[in-house]
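The chain below stands alone and is given in structure tokens; this is the form predicted alone.
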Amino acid sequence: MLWINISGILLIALIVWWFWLYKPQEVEVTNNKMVIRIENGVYTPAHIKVKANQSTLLAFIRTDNSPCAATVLIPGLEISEEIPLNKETVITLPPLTTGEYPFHCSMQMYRGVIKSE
């Protein structure tokens, strides 16, 4: 009985860490261009830091053949782009004001954030 309780507490701690405490690594754009790979159900990197008031190029390369991954949406910038399989697709971001701009696939299963500072 004790082991079941300990296992339950550990499972709850893991869920709290995963959903509320985990902070993914943020990658800063250098030379105004970032390559983002879409594979295995995730964007890599998914948390991108860009300089405010400066245009940026995001190059998406999709190797994930899921139809959900075929579209990238950046709702805050009204950008919707089809990403063909195994080809680079470049999206030009306009100069951004400071803030966060989430991006995702058409079903919002793949997610990422562009943070402008």
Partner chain sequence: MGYSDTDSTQEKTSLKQPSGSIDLIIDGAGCASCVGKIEGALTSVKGVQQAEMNFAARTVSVSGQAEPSALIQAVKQAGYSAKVVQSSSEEALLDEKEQVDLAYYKTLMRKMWIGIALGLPLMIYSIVGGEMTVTTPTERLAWLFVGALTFSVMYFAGKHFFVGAWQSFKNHSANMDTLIALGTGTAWVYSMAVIAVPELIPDMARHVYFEATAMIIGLINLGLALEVKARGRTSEAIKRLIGLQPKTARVLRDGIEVDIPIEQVLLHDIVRVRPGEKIPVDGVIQEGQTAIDESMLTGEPMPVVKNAGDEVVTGTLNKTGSIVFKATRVGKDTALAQIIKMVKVAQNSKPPIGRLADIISAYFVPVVMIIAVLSALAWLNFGPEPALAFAIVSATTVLIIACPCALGLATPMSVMVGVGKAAEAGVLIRNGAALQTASKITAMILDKTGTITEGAPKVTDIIVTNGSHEDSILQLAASMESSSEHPLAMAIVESATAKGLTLNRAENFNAIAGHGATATIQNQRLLLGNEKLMRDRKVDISGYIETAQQLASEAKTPIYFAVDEQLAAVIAVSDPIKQDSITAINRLQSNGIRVVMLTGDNRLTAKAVAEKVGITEFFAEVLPEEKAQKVAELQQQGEVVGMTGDGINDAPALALANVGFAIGTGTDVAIESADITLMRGSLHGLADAIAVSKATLRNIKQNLFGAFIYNVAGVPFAAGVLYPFFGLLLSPVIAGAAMAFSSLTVVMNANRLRLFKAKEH
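Since this is a predicted model, take the numbers as computed values, not measurements. Throughout, rigid core stands for the largest set of C-alpha atoms superposing within 1.5 Å between the two forms. Positions refer to the first chain, counted from 1.
FYI, the form predicted in complex with the partner chain isn't displayed, but the following is about it.
In summary, among the residues 92, 30, 53, 86, the only one with a non-hydrogen atom within 4.5 Å of the partner chain in the predicted complex is 86. Using a 4.5 angstroms limit between non-hydrogen atoms, residue 99 is distant from the partner chain in the predicted complex. Proximity of residue 49 to the partner chain in the predicted complex falls outside the 4.5 Å heavy atom cutoff. Although the partner is absent here, residue 82 sits close enough that one of its heavy atoms falls within 4.5 Å of the partner chain in the predicted complex. Residue contact with the partner chain in the predicted complex: residue 67 places a heavy atom within 4.5 Å of it. Along 10 to 40, residues 11, 12, 15, 16, 18, 19, 20, 22, 24, 37, 40 each place a heavy atom within 4.5 Å of the partner chain in the predicted complex. After superposing the rigid core, the C-alpha of residue 12 moves by 2 Å or more between the shown form and the other one.
When two forms of a protein are overlaid on their rigid core, residues whose CA moves 2 Å or more are considered shifted, and residue 21 is one of them between the shown form and the other one.
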